[in-house]
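Consider the single chain below, provided in structure tokens and representing the form predicted on its own.
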Amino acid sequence: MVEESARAPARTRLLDAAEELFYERGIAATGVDSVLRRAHVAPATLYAHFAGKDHLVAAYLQRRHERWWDVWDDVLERCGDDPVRRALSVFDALAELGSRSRTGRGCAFLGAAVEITDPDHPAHAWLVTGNRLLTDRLRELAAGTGALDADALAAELLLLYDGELAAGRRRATGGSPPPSVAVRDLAAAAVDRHRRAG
């Protein structure tokens, strides 16, 4: 495995190593030296691709962001034109992404958001972009259901989405599991309630 990864381009190896370490240990707790050792590259190679650790963190979040949106786009495509399935697609995408996760440590963006609070940090833009795109898409999908108040439905879906991410983080850190009600079922009930109101 190390031999195979050593053949990958240096930038890919750096991002793979950063993703594993930032996700497993946290961003602040992971030094550049640890990333270099895991990626099997010299410091000069890192700085040839990234201006420093902060820019590596930004590239890590960009990569996670793009992976999440690829999964959600695929799920949406499978939903076809069914407005209810489309409104619930964010929860199906979360489940699909979660089934691919090796560690199950919860949401990488929630973890990063706790550590990256400076709006001038290069990675902060990816946190803002992710939130804005999520909110906009949920609003669009909620409107597609014919809900009387699409903004209220979108806000409810967002709250359930955030709750599911927090529950995943809680499970990852050994917390007690949430009640055995699937978040998708709660979201489906919200969509149905808002559609009937419409």
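From 1 onward, residues are counted along the sequence shown. This is a predicted model, so every value here is computed, not measured.
Below: the form predicted in complex with the DNA, not depicted.
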Q | Exercise: residue 32 in contact with the DNA in the model of the complex, heavy atom 4.5 Å | A | yes
Q: Verify the contact flag for residue 42: yes if a non-hydrogen atom of it lies within 4.5 Å of a non-hydrogen atom of the DNA in the model of the complex, no if not.
A: yes
Q. Does residue 48 reach the DNA in the model of the complex, with heavy atoms at most 4.5 Å apart?
A. yes
Q) Does residue 53 reach the DNA in the model of the complex if we count a contact as any heavy atom within 4.5 Å? A) yes
Q: Name the stretch: of 24-32, 142-150, 59-67, 158-166, exactly one has residues whose heavy atoms fall within 4.5 Å of the DNA in the model of the complex.
A: 24-32
